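Laid out below as structure tokens are two forms of one and the same protein chain, each shown alone and named structure 1 and structure 2.
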Structure 1
């Protein structure tokens, strides 16, 4: 799976009321609050701050505001899948156009053209049912294995498109 450890830098802004003996703890907590659970353009989704690289730098005072800016270097655990990677996902929505599935913070859309032709959409049950094996049904909360065909990462979203057409992909028993 696409988990990586990377070194990143973030400017953390601190209010003057935090200029006391616990400044270090405040800086680390502020950093964690600001970056964990966000999308970092080229690195993907920041899962966790692993460590702040020591020593802490000196702050730069913002004239007229009183705030100090601390450029912190830190190691983070990030999630970033790649094109061609096979992932296990949970189906969140089924439409006649395809399937939406979730892998942690990543939303993946599988178009109906990327679903095997022996599966048809059933409007009543909001699922894809196998014509060959009626018991095989992809619906909300089903576990599926898919291959990532493309990924879009921008400042605030993390989405992908995938397929279940290949061998060993599809419904996971």
Structure 2
């Protein structure tokens, strides 16, 4: 869940100064530099290029410019969140409005209303403590299991909201 291997294509543009024996290495490195670490609404976070499919395609020279464009096909490891899925996340911030948790670079907000009512916010320790079981405390660096309720995609990233209300959700580890 979350992590997938997908096949993607990218037009990599190469300057003529690279038209020599190391062209292949340059192509692959340029691809990695351009896509790794990027986010898109469609495919999520591109975490790593796994493999560039061989044989590499022929470059197409741009008329009037010296550049060549290589339509590279590659396998990538991506992380794409989906509404409805259950994920473990690390708490980074606790406020009276709710909990902020991260799955890698993805921030998921669990609002106060999505936290069981038998947990109370303790301002002093910046945590949510169970009234039933005092040892059960959600604070910075706790791991919580949440369900993603909604995902919003904007220009370059995702934000997500989640819940720990349902059975089997909440503190883990």
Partner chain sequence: MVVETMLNRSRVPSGLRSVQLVPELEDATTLQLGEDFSSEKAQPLTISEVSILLSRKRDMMRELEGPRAEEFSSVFKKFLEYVERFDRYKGLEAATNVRSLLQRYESLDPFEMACLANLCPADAEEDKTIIPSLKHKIDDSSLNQLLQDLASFTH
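Superpose the two forms; the largest set of C-alphas matching within 1.5 Å is the rigid core. Quantities reported herein were computed from a predicted structural model and do not represent experimental measurements. Numbering follows the first chain given and starts at 1.
Checklist entry - Do you think the form predicted in complex with the partner chain is shown as structure 1, or as structure 2? => result Of the two forms shown, it is structure 2 that corresponds to the form predicted in complex with the partner chain, while structure 1 does not.
Item to check | At the hinge of two rigid parts that rotate between structures 1 and 2, the residue from 109, 79, 113, 37 | outcome: Between the two rigid parts, the hinge is at 79.
Next on the checklist: How many degrees of rotation separate the smaller rigid part's two orientations between structures 1 and 2 when the larger part is superposed on C-alpha atoms?
Outcome noted: It comes to 16 degrees of rotation for the smaller part.
Checklist entry - Taking the rigid core as the frame, how far in Å does the Cα of residue 67 move between structures 1 and 2? => result Residue shift at the C-alpha: 4.5 Å.
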